[in-house]
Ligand code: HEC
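A lone chain, given as structure tokens: the form predicted alone.
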């Protein structure tokens, strides 16, 4: 019962944090948003790090470790699409299909519908630079 409650709390936190970064950009023109867009590292730390780690030694056990992004995601745009809405892209390649099968008993990654394409691409770029 404790684990279910803990998972529900963490899932709620993750859901709350998804999409909040873009709400502050409403009403700004595209050039201003591009200049003030948070870096991929900031976005990852604020929205992804609660569940994901870039290092197997620091795994939360809540979600897959992102230590082999370059190996499994040759196309950064496909990675960005997966980040934005994983459940819609869960069968994009053999790796994602296996991940969903392995982690199906855990809370699933929520869609990041409130993020701009630039923000999602920034996260993908950060992962490419910092994950093996």
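Computed from a prediction, not measured in an experiment: that's the story for all the values here. Residue numbers count along the first chain shown, from 1.
Missing here is the form predicted in complex with the ligand; even so, the following discussion is about that form.
- The ligand is not drawn, but in the predicted complex it has no heavy atom within 4.5 Å of residue 92.
- The closest heavy atom approach of residue 76 to the ligand in the predicted complex falls outside 4.5 Å.
- For the chain shown alone, residue 42 is not a contact residue for the ligand in the predicted complex, no non-hydrogen atom being within 4.5 angstroms.
- In the predicted complex, at least one heavy atom of residue 110 sits within 4.5 Å of the ligand.
- Looking at 91 to 105, the residues that come within 4.5 Å of the ligand in the predicted complex, counting any heavy atom, are 95, 99, 100, 103.
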